[in-house]
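Next comes just one chain, in structure tokens: the form predicted on its own.
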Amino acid sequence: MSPRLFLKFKGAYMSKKDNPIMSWYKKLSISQRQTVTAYLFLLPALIFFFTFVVTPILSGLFTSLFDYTTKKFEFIGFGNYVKLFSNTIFLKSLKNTVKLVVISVPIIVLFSLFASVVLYQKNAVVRSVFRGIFYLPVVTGTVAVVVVWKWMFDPYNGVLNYVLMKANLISEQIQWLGDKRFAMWAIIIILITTSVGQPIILYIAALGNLDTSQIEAAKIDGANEWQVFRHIKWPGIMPTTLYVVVITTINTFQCFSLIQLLTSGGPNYNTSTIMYLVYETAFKSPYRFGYANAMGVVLAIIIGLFSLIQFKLFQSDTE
């Protein structure tokens, strides 16, 4: 090795050896080094989280206190929140959102639980086939699913009106998505059919993790199927039920794509939800970003309250 190259390597080694960060790291205990190393591995994810999650949340909270449009940025305090609760369109959207959650979530949870219990009793091949069928809408693109449902609900060429008229159940064509009597119910039906896939997968997995010795012992003691489910299976799948209820509630509160693609909130905002109204307020003229952010904050508070109530209700039965 040439003298010049040797001096170069020696200088690099000495600079690394004398690095204050390395000196500080070597002074730490083993447990402290492990903690520092763990945080260094977490650092990329933490940077991503704070950049794309925490920062937008804080920005939304901050700008909700301003009259913020493309032309002005004026501090108004809680003025946006005061205007929200005197806005009939917002109150109607809030009512529609709560209605969507209150009707859809119990049906999704109960149907998923029923289907899972029935499917779990079948052989592995049948279970796999039906799990794939129920999960297919989840992995299929929302636009593709909506196109199929829009064709089914079409008042002139749709299969639903055709079948009902052939069965003499209706005498004239129904505007499923254009009539305020049926539009929200059509959205609920689509939401339910596209939301049961994941809960069914989770419930079947939870049933497979139950202690079979307890079930067998209960049957030997004379317990029927309902008693086995009520006293053994139900407590065992309670954590999964809590997760399914909370996640389904959050997803339903955030329902947006179905509304946008099917009805655009119509007719006369009878299918509008808070999430759709946030989009319409922020990205359609006059682009009221601050007002839309105030709606988002209110929605986040409502979701938090619903989740807190659900945790409290299931707390005594869930570890």
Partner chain sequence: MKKLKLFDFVSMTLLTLVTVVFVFPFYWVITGSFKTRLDSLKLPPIWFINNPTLESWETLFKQPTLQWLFNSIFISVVTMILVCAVSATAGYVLAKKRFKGSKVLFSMFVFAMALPKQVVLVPLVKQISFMGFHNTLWAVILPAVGWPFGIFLMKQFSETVPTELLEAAKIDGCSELKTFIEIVLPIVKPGIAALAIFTFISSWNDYFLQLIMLNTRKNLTLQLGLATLQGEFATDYGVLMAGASLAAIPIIVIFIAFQKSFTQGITIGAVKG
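These figures come from a predicted structure and were not determined experimentally. Between two forms, the rigid core is the largest collection of C-alphas that superpose within 1.5 Å. Positions refer to the first chain, counted from 1.
Note that the form predicted together with the partner chain isn't included here; everything after this is about it.
Each of 55, 250 and 289 is positioned with at least one heavy atom within 4.5 Å of the partner chain in the model of the complex. Only one of 90-98, 72-80, 177-185, 147-155 places residue heavy atoms within 4.5 angstroms of the partner chain in the model of the complex, namely 147-155. Contact annotation for residue 35: at least one heavy atom lies within 4.5 Å of the partner chain in the model of the complex.
The partner chain in the model of the complex comes within 4.5 Å of no heavy atom belonging to residue 108. Using a 4.5 Å cutoff between non-hydrogen atoms, residue 293 counts as a contact of the partner chain in the model of the complex.
The partner chain in the model of the complex comes within 4.5 Å of a heavy atom belonging to residue 209. Checking 201, 103, 228, 165 against the partner chain in the model of the complex, a heavy atom within 4.5 Å turns up for just one residue: 201. Of the residues in 223-247, those that come within 4.5 Å of the partner chain in the model of the complex through at least one heavy atom are, in sequence order, 225, 240, 243.
Once the cores line up, the CA of residue 231 ends up less than 2 angstroms apart between this form and the one not shown.
Core-superposed comparison between this form and the one not shown: the C-alpha position of residue 166 differs by no less than 2 Å.
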